[in-house]
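The chain that follows stands alone, in the form predicted alone, written as structure tokens.
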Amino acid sequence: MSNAVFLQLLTGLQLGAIYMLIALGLTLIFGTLGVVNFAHGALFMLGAYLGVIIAGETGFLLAILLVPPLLFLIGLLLERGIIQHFYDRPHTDQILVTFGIAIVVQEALKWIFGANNIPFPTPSWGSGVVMLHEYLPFLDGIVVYPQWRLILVVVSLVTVLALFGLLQFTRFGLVVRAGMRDSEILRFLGINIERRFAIVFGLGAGIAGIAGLFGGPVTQVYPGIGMAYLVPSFLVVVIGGMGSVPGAVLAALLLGMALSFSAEYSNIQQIIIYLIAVIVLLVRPRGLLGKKGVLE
């Protein structure tokens, strides 16, 4: 394998890692609640803004402890205050209200912080480059890669494993997965599925906070960042299969690789990812790992 191909693979993994973190929250909310949440990009943006502020004032380690719980709380308040009233409404209503929330958050941040990009420096322990050639003998010559981007990949993988473990190996996850298929039966059994769904919405928002905090130094922080990453992340959810965590991971990696290997054709880069979506959905209408019965 040549150095150039290896670096493109690594870049694809890193690009996929950001989409993966955003799409995890989306697919959770979409799959469990059936809500088309166009405000998810705004939650990611809030995570980035809170991250740059808290990290700047108190240090990045404290930001790691504060930002995801804060976004979890914001998600809970959003779900209890607004979203729960739209569970049984048409998707068009959900899109309108969540898109409106996203616009309000975006304009509020623009009013407070201005429209310009806010630099989000990496912490000292994440700065610099990794000498990949010292660890990977098949590389030829000197090959380096930004350390923070590798940390972003690791954080994404840890988040995926933690979420997968929560959904697959806990009673909470069992109930949520059952609720994705038929929430009415759970209500008949006396299970408070609404409370669990609210927690799921909060979890999705918390993961968006992780994406904003760790992705912010890569994407930088500006008022349009939420919308810029929202549509590709929705594509990841649809390509992977709605409600499927493994599907979202697979689709994020697929799109990340497509973006990385088409970087030199930037004028058709966006066309390529939409073309992938069309081909996948033509062959597998439920997405790569979508399951029958989820949102049908």
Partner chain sequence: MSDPGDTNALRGEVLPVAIFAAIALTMPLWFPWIGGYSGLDTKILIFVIFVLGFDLLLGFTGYLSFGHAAFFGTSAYTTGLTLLHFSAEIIPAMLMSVLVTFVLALLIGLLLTKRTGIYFAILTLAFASMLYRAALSIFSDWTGGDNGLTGLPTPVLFGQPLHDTPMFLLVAAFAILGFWIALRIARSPFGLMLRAIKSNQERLAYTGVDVSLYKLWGFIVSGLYGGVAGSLMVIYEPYVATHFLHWTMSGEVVIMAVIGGVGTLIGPMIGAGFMMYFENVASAWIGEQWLLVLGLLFVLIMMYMPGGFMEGGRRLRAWFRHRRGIADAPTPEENDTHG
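Take the two forms, find the largest set of C-alpha atoms that superpose within 1.5 Å, and that set is the rigid core. What you see is a predicted model; the values in this text were computed from it and never measured. Residue numbers count along the first chain shown, from 1.
Missing here is the form predicted in complex with the partner chain; even so, the following discussion is about that form.
J.: Any idea which of 235-243, 65-73, 41-49, 255-263 reaches within 4.5 Å of the partner chain in the predicted bound form, heavy atoms considered?
T.: In the other structure, the partner sits against 235-243.
J.: Which residue among 152, 176, 143, 97 has a heavy atom within 4.5 angstroms of the partner chain in the predicted bound form?
T.: Residue within 4.5 Å of the partner: 97.
J.: Would residue 92 count as a contact of the partner chain in the predicted bound form, using a 4.5 angstroms cut-off between non-hydrogen atoms?
T.: Yes, residue 92 sits close enough to the partner chain in the predicted bound form that at least one of its heavy atoms falls within 4.5 Å.
J.: For residue 36, is any heavy atom within 4.5 Å of the partner chain in the predicted bound form, or not?
T.: It does: once the partner chain is placed as it appears in the predicted bound form, residue 36 has a heavy atom within 4.5 Å of it.
J.: Heavy atoms within 4.5 Å of the partner chain in the predicted bound form: does residue 186 have any?
T.: Residue 186: no, not in contact with the partner chain in the predicted bound form.
J.: Residue 267: heavy atom within 4.5 Å of the partner chain in the predicted bound form?
T.: Output for residue 267 is yes: heavy atoms within 4.5 Å of the partner chain.
J.: Quick one: 30, 111 and 285 and the partner chain in the predicted bound form, is every residue within 4.5 Å by at least one heavy atom?
T.: Yes, each of 30, 111 and 285 comes within 4.5 Å of the partner chain in the predicted bound form.
J.: Judged by heavy atom distances of 4.5 Å or less, which residues of 72-89 approach the partner chain in the predicted bound form?
T.: Counting only heavy atoms within 4.5 Å of the partner chain in the predicted bound form, the contacting residues of 72-89 are 81, 82, 85, 86, 89.
J.: Core-aligned, does residue 281 move its Cα 2 Å or more between the shown form and the other one?
T.: Residue 281: C-alpha displaced by 2 Å or more between the shown form and the other one.
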